[in-house]
Every structure is written in structure tokens, then in C-alpha cells.
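A lone chain, given as C-alpha cells: the form predicted on its own.
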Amino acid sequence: MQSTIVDLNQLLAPVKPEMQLVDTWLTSNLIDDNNFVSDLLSQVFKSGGKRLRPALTIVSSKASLKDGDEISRLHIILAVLTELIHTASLVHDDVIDQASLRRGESTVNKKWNDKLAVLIGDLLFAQASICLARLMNPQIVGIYGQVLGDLCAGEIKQMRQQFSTSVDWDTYIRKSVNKTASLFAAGCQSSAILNRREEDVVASLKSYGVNLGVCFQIVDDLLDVTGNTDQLGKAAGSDLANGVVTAPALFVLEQNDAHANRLKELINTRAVSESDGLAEALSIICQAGGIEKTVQLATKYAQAAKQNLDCLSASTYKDSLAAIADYLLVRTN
């Protein structure tokens, strides 16, 4: 990956006031008046993340406004809705993966138990449904309904392909769209719909979100190979240890050589679940060029995302959307 240091907060400075509103809504507008649940939900949100998905929603909203229009309460609700769905899916993912760390903090399932984590995730989805109803836009309801279906479909596909070396590129990209890019695209696309923009602008922002989301997932998969626990806030190599074959491994497996054969053996026999087998697999991926090829693939999607912005008029917000694509290529967590 490139060594350039990019400050995401600086890129998002043009929408700082709106993002402060989003954070306020997430940490105070909770639908459960039980103190324990409220405190737990507040911890889930305050622990974090970069708020990239709601930020993209707000920046897209600003970038696609018609002349004379201003951002409204509905745009804030859309951003909050997007982050609620993302956070709910993470809580459920941690249960499925039996993860103990998320962003350097103990997961809900580790700190408490799986049952409570599932219920907290369900509560977040319920809160997202209320936000969706407040938008009173059938088209956006349909888009986010599809997102929820995509998230489930992507997770099911991933579970069925664990420790399988027959995963192909089409399957990998479709899973990346379902699990990640679908929600990116929903926020970007729906912002233009709220702004009553033409179909070509709506379609272009959707494509931007899809390409950006796939880029994000590819980099995420790369960092699982090249990162460390301190950077990632979770155990490094966890995807491969769980039998999830991603881009860096796919590039090696398709080479049909000694490296590919050994990596295939380590995955098929589930040796990657053990520390020695995982270390060997990660070493093979690095030696066989899986890292460099994955960087090239991520760059391809980032460039495509920036090209999707040609439909927008020049503005600070359009520049921010393009800069976010560049940022994804150099992020370290």
C-alpha cells in the first residue's frame, strides 16, 4: 500500500456540523428507555469507528443538492439509518464469527453473551426501521430493504464457502457487494433521491457507492493479511483462520504452482485455523505476489468510483467524494 498519510477527519471537515448531529442522534435518540440497554447502546456507538458510511451519505447529499437547496433533517435521518444498519450487522457478525475484539474493544458477545448481542443487533435494526419510516419515501424503503437482504445473503454465501478453495472472482465480488458495497451505494444513491435529482445522477452515485464499497472490502481483506492486531482492532489473519478466502489468497490460488498447491492444502485441511498453519499461509500470500495484485485491484475500483462523479458539478463536496476513494487505498484500519 502507499505510504501517504491521509487524515479522514480533514477530508470530512466540510460536513463536520452535520456529522456532529449524526453522532448526537446515535448516542441519545435511543428507542429503549431501559438504562442498561441505553448505556450499552451508547457504548457500542461511542466505541466507534470512523462513521464513514453516514459521512458518505452526508457528503453525497451536499454534492448532489440542486442550486438553492439546503440539506434537511431527512438527510440526517438517512445518515443515521445507514450507520444503524452497519452497526447492527457488525454486532451480529461478531456473534457469527465468535469474535472477541472489535476496534480494540471487547465485543458485546465477549463482554456479555451471544444472546444479548443478538438482541442488541435486533434492537438496532428496529431503530433503523423507525428512521426509514420517518423518511416517508417508498423508493428509499425499497433500496434499504434490498440492503438488508443483501447483508444476509452475503453472510450465508460466506458461511457456505468456508475452507473452500473453489471460490471464484465472480463469487468474491458479488459477496463483497452484498456484505459491504450495497450499504455504501444505498446512502449515496438515496441522498440524490432525497434531492430530487435526475435518474442519471442517482444511478451514477449508486455506481460510485458500489465501486467504493468493493474497494473498501478489498482493502479490508488486504489489511487482514498485512495488518496487525493493534492496527486492526481485531486479530490479524482472522478471515483466513475462519476459512474465508479473499482477494490476496485468490490471486495466489489461481497461479496453479507450488505456492498455490500448498496454500490450497492449508485451507482445505483447515490447517489455517492453527497458528503455525495461518502464519505459513500468510507468508505464502506475501511471497507469491498476492499483496501487490490486491493493491492493483483495489486501485481499479477506486478509479472507477472517481469516474462515476463526472455527473456532479464542481464543488468542495465532489472533491471530498473523490478524496475518500484515494483515502481508502492508504488506510491502515
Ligand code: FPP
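Just so it is clear, the structure is predicted and the values come from calculations on it, not from any experiment. One rule holds for the numbers: they count along the sequence shown, beginning at 1.
There is another form of the same protein, the form predicted together with the named molecule; it is not shown, and what comes next is about it.
Just one listed stretch, out of 178-186, 161-169, 256-264, 75-83, contacts the named molecule in the predicted bound form at the 4.5 Å heavy atom level, and that stretch is 178-186. Note on contacts: among S207, T226, Q127, S89, the single residue with a heavy atom within 4.5 Å of the named molecule in the predicted bound form is S89.
Although the partner is absent here, V202 is not a contact residue: none of its heavy atoms lies within 4.5 angstroms of the named molecule in the predicted bound form. Shown alone here, Q217 lies within 4.5 Å of the named molecule in the predicted bound form, counting heavy atoms only. The shortest heavy atom separation between R102 and the named molecule in the predicted bound form is within 4.5 Å. When the named molecule is considered in the predicted bound form, D114 lies well away from it, no heavy atom lying within 4.5 Å. For the stretch 93-125, the set of residues having any non-hydrogen atom within 4.5 angstroms of the named molecule in the predicted bound form comprises D93, I96, D97, R102, F125, in sequence order.
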